[in-house]
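Read the single chain below, which is given as structure tokens and is the form predicted alone.
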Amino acid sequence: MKNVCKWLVLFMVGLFVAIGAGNALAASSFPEKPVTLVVHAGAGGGSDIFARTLAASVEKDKLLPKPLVVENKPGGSGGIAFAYVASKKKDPYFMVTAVTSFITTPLMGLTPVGLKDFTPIANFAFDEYMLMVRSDSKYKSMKDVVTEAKANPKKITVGGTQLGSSDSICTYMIEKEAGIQLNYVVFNSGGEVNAAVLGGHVDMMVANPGEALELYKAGKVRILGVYAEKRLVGAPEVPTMKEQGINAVYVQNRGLCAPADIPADARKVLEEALFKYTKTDIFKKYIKDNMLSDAWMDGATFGKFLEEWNGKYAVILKDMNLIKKK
């Protein structure tokens, strides 16, 4: 009887070891199919450019055994994309772009999901924002904008992508610091905002360099000011908002999150592959061409960043009357 028990114990131990080895083997082969990268905005905007540049590098530099497939799901201030990816709980084959609206949209109650429904994977960079007009606009400086806005409140239109997003917050900063009122108009993507400005449908736009830099280089738009502590290396001739007497400084993060409760091994694979991406020539060129600041954070660090800014944006959005004050 003792021998039977002994062999039974040994059999069970061997079985558990085999199962563990099988799981490890399965984890090490992740991903076994393409990973879907959901962009929360439409084609042509900064997040779309970021996602497609990353996907190109994953394929070219063989960062993962399977490709990243980019899928745009705009709408609802990003809420449609966020809710979609959150619904894939435990599934590591989905990621979503995470910028300012990833925090602000849930705070405003525009989606039932929040930070708890996601697994932070990584952050890559920070955007410095700018205010732009068409090259033939009558507005030559921020002084012109402030003078006009004080004489005609809400007459000047500003194109942006989402209420509570970076461009919305940047618009509010100008209003608050200069004591003026502007008319913020929402579009589905940065590409649509560009078209609206060029077509004369709105007076100005708040954009990151990745969305509008080529328009500036082509002489189609004029940059009135940048939301940075110092002038951008790629446009040293453009003054900051602070230089023009408006204390408005802002940067936006660019990161990725997966659904909640994905396997730890899969998260590690994604995180390591994305870190390798930051060392590629494609990423370095992307950072330089779009005048971004390299700001790598691993999943744990990015998670702390999101929690910190969740509190900060709650205060800002209350000031903007986009969420109820308690």
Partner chain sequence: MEIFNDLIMGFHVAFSLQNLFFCFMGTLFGTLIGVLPGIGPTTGVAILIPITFGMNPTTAIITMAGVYYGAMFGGATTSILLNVPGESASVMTCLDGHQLAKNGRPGPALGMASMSSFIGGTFAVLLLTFLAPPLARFAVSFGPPEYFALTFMGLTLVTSLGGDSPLRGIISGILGLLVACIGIDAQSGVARFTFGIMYTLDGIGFIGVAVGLFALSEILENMEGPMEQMVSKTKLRIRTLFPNLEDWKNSWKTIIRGSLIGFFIGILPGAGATIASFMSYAAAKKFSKRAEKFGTGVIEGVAAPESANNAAAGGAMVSLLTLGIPGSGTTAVLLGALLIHGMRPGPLLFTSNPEFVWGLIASMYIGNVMLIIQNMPMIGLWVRMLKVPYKILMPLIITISAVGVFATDNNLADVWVMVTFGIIGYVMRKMKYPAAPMVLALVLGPMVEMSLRQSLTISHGNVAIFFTRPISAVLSIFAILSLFAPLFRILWNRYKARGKAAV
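Positions refer to the first chain, counted from 1. Just so it is clear, the structure is predicted and the values come from calculations on it, not from any experiment. Take the two forms, find the largest set of C-alpha atoms that superpose within 1.5 Å, and that set is the rigid core.
If you look for the form predicted together with its partner chain, you will not find it shown, but the lines that follow are about it.
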Check: Does its partner chain come within 4.5 Å of any heavy atom of Pro112 in the predicted bound form?
Finding: yes
Check: Is Leu232 a contact residue for its partner chain in the predicted bound form, using a 4.5 Å heavy atom cut-off?
Finding: no
Notebook entry, point to check: Can you check whether Phe187 is within 4.5 Å of its partner chain in the predicted bound form, heavy atom basis?
Noted result: yes
Check: Is there a heavy atom of Ile246 no more than 4.5 Å from a heavy atom of its partner chain in the predicted bound form?
Finding: no
Next item on the list: Could you tell me which one of Lys116, Lys150, Lys140, Lys155 places a heavy atom within 4.5 Å of its partner chain in the predicted bound form?
Entry: Lys155
Checklist line | Selected contact from Asp298, Asp261, Asp265, Asp289, since only one has a non-hydrogen atom within 4.5 angstroms of its partner chain in the predicted bound form | finding: Asp289
Next item on the list: Name the stretch: of 116-124, 250-258, 80-88, 223-231, exactly one has residues whose heavy atoms fall within 4.5 Å of its partner chain in the predicted bound form.
Entry: 80-88
Check: Though the partner is not shown here, which residues of 160-197 have a heavy atom within 4.5 Å of its partner chain in the predicted bound form?
Finding: Gln162, Leu163, Asn183, Tyr184, Val185, Val186, Phe187, Asn188, Gly191, Glu192, Asn194, Ala195
Item checked: Cα displacement of Gly160 between this form and the one not shown reaching 2 Å, rigid core superposed -> yes
Note to self: With both forms fitted on the core, check whether the Cα of Ala98 differs by 2 Å or more between this form and the one not shown.
What the structure shows: no
Checklist line | Core superposition between this form and the one not shown, C-alpha change of Val221 at least 2 Å | finding: yes
